[in-house]
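A lone chain, given as structure tokens: the form predicted alone.
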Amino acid sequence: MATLTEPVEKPAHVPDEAVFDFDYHFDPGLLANPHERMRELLDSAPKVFWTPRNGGTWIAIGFNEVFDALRQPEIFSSSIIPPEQIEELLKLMPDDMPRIPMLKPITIDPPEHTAIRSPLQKAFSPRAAMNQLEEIQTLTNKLIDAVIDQGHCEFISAIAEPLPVTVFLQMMGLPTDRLAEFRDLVHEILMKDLGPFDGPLALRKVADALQENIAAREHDRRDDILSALWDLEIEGQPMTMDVMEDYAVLLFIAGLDTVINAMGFAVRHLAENPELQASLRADPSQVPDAVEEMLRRYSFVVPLRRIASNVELGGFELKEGDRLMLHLAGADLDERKFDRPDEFDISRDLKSHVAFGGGPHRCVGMHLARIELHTLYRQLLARLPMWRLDPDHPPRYHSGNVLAVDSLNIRWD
């Protein structure tokens, strides 16, 4: 059983009524059933609260509060460590410490953010995503072929992980035979509460793993994203190795994790709801709407923000320098925004969820993610018999910066 992080003392500016004891890494409810726990929090906790766990952190779970924070980067900053603190940390590093990737543009705010993000939007445009459709279909069918005759599989390792990860690695121009190694690196970052030194070192470890491939594309362009990024200019300046590392490490972490979680929660939901599964089989034209409703019902990303200036949110005063976690899963289950939020309803307004975030940091890979999800649903429903959960092996989850399904055993006849 996971051990809760030690609580810290409440700051003077946090009122007693704002305090709610919650560990976003090891809360037992989150680890048992993440979205059921989020609904419990929406009923029992303030829509914005302060927890003494995880070093002392504000948590926003209400839709309006999360939405407001996503759209005000000048107050709710993605630059988690202020520039002056970064300089102080760098002074403490050994002189021979290698450069630490900065994960731009996700860790910076407008206007600098806009110049760095714009080139990525071209690389992940709807047209660029559609160009991957045939490859995604082929790979999906290959993965289904490998398990269909055995009548069961552990879905995450058999399909949900290799599908989007392989597509991403191929798009980036990274070797697919290193998939397991690359996933281990991502787990090291996303599944642990890394400290101020461990985190940067983990990012450097990722950059080192990608270094050979990044460098190779500088003079040997191919049909991949690494090559395309080398061709870009940032505000009129040619691409540099430092910026390439920032781009590559960010895309690596995001591309090797997020869609897997969406697939896991959706396939679990279909396993638990045979009527819905039968309806989608009978009418595949419902699949696009089902994708959107699954994203709303099982949002999973938990972005972190730094309070850049004193602000009121959810009726409480947050002070400059405070940390704020935005639980998108809570926002998309808030009954103030969605009628009957627990119910799966493809007739609702499906464009108002925040599963892909919002504001200037809205997920740049959302077009590719949607195509992967559409393709997966269609092929699973067309080719696999009705599937159900394996009662002998219940799903396992983890929490932190994402809510994720670690294992999902399903069976079919």
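When you see a residue number, it is the position in the sequence shown, counting from 1. These numbers come from a predicted model, not from an experiment.
Keep in mind that the form predicted in complex with ligand HEM is missing from the display, and what follows is about it.
Visitor: Can you pick the stretch from 339-347, 212-220, 280-288, 102-110 whose heavy atoms fall within 4.5 Å of ligand HEM in the model of the complex?
Guide: Partner-contacting stretch among the options: 102-110.
Visitor: Work out which of 373, 38, 381, 48 lies within 4.5 Å of ligand HEM in the model of the complex, going by heavy atoms.
Guide: Among 373, 38, 381, 48, a heavy atom within 4.5 Å of ligand HEM in the model of the complex occurs only for 373.
Visitor: Using a 4.5 Å heavy atom cut-off, which residue among 182, 300, 265, 230 comes into contact with ligand HEM in the model of the complex?
Guide: Comparing distances to ligand HEM in the model of the complex, the residue within 4.5 Å is 300.
Visitor: Flag residue 363 as yes or no: does it have a non-hydrogen atom within 4.5 angstroms of any non-hydrogen atom of ligand HEM in the model of the complex?
Guide: Yes, residue 363 sits close enough to ligand HEM in the model of the complex that at least one of its heavy atoms falls within 4.5 Å.
Visitor: Indicate whether residue 56 is a 4.5 Å heavy atom neighbour of ligand HEM in the model of the complex.
Guide: Although ligand HEM is absent here, residue 56 would stay clear of it in the model of the complex, with no heavy atoms inside 4.5 Å.
Visitor: Looking in the model of the complex, any heavy atom of residue 124 within 4.5 Å of ligand HEM?
Guide: Result yes; residue 124 sits at the interface with ligand HEM in the model of the complex.
Visitor: Under a 4.5 Å heavy atom criterion, is residue 356 part of the interface with ligand HEM in the model of the complex?
Guide: Residue 356: yes, in contact with ligand HEM in the model of the complex.
Visitor: Looking at ligand HEM in the model of the complex, is some heavy atom of each of 4, 30 and 306 within 4.5 Å of it?
Guide: Checked in the model of the complex: no contact with ligand HEM for any of the three.
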